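One chain follows as C-alpha cells, the form predicted alone.
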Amino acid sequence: MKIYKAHILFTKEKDHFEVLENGYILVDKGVVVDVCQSLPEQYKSVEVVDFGDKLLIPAMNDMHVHAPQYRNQGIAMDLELLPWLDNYTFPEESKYKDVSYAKRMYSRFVGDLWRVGTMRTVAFATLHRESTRLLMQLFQKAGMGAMVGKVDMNRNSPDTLTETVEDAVAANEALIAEFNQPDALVRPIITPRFVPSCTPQMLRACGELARKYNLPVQSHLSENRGEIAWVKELEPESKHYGDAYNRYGLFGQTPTIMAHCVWTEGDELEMMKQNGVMVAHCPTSNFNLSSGMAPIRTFLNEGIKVGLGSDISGGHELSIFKMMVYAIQVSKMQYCADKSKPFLTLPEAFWIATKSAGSFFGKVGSFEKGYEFDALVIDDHELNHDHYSLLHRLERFIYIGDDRQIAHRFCRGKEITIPQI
C-alpha cells in the first residue's frame, strides 16, 4: 500500500473538477483504492508520502503522435498535408530502415514524452519491423505505457516506404507474438497509415489482423479536403471516408481511434457514433497544415469519445497541456461563428486529456477507485506568487507552466524517473 498526500485535482465528469485540499490517495498494486479528505483509521500505521503544497493530477495521454517524425518537429509548417508528406515526412521516415538511427531518435522522443508528463501514448512508428520493435522496447524500459503501430502502406508512397501485403502481415504477426501480452503496458496497435497509402488488399489484411488478435486500430480520417477527395476517387464504392475503413473491419469492430476528423459530419459522424470510434483531436497540426477546425463540441454532444494528440510533426508542440489550451482556443473561434455551440471549458479540456483519452487504455486517467495510478506531481511555487486558489493554480500551470514544474511522474503506480535509454 502506498499513501500520498497533496492537493488532489481530477475530473469524474467532463464539466466538473474534484478538488481535495490536503487530501490522501491510497494506491495498492498500482491501482487507486480510495481518495479521501482524512486518512481512515486502518491506514494510520502506513507511511504517508507528503507532497506538501504541491498539486497531484492525473498524467497526460497523447492519443496521436508520429514517433519517427520527431526530428522534423517545428519545420515545414508552410505546407498543406499532401506536399508536406511527400517532401518532408516520407523522406524522414525512410531513414528508420537504419536501426541505429531509430535508436538515436526514438530514445530522445521517449525522453521528451517523459519530460512533458505524458505517461501513455498511441504512436505511429514506420513500416520497419525492427525499428518499431526498438520503439516498443524503449517504452518498456522507461516504464511508460504505449500502443505502438507498425505502419502499413503499399501504394502512393516512395519505394523506400512500400511493402507487400504478405510482408506487412508477417511483420505485424512477429511483433504481436512478442508484445501482445495480457495487461502489458506496451502493446501493438494495427496501423494502416491512411486509405490513400493502402490498397483494398492491405486494408482487408489489417482488418483481419485486428479481428484475429483482438487488437485496437488507429489511422487518419477526414483531415484535409484534398485527402477526402482523393479517398473518394480511390474507394468509389464507399459511402464516405469512414465507410472506406468500415468495409474492411477497421472502424470500431475492435477499439478504434481516428486522428483529426476535421470534416466529419452527417453519415460519417453517425457511423463513428454507432461504432464507438474515438477521435484524436490534434489542434496544432490542423492549424499548421491548413486542415481546418475539428467540431469537438459536436462530437461531445453526440457522445463520441475524444482525446488529444500532439501529432508530431504536423503539430509542433509535444505537451498535452498545451493541446488543452489550443483545443479551448479552437473551440472559441468556432463559437464566434456559431453561438449555439459553446466553447470548451477548462474542466472539459482536462477531462478530454485525462479520463476520456485514458479510457482507450482501460481504467486510466482518473483517481476514482479501481483506476490505475497514472499521476503527476506539480510544484508550482514559482507560479503561485500571489496565493491563488487550487483551481487557478492548475489553470496557470496549464497555460503558462512547463516541464520544470513537474516534480514526479507515475505510471501504473510506479514512479518513473528520467528514462536511461
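Just count from 1 along the sequence shown to find any residue number. These numbers were taken from a predicted model, which means no experiment stands behind them.
Keep in mind the form predicted in complex with a small molecule is missing from the figure; the text below concerns it.
For the options Met202, Leu81, Met105, Leu185, the one in contact with the small molecule in the predicted complex, meaning a heavy atom within 4.5 Å, is Leu81.
Not one of Val32, Lys355 and Arg412 places a heavy atom within 4.5 Å of the small molecule in the predicted complex. Picking from 43 to 51, 64 to 72, 359 to 367, 375 to 383 the stretch near the small molecule in the predicted complex, with a 4.5 Å limit on heavy atoms, gives 64 to 72. In the predicted complex, none of the heavy atoms of His281 sits within 4.5 Å of a heavy atom of the small molecule. Although the partner is absent here, Thr132 is not a contact residue: none of its heavy atoms lies within 4.5 angstroms of the small molecule in the predicted complex. The closest heavy atom approach of His220 to the small molecule in the predicted complex falls within 4.5 Å. Using a 4.5 Å cutoff between non-hydrogen atoms, Leu289 counts as a contact of the small molecule in the predicted complex.
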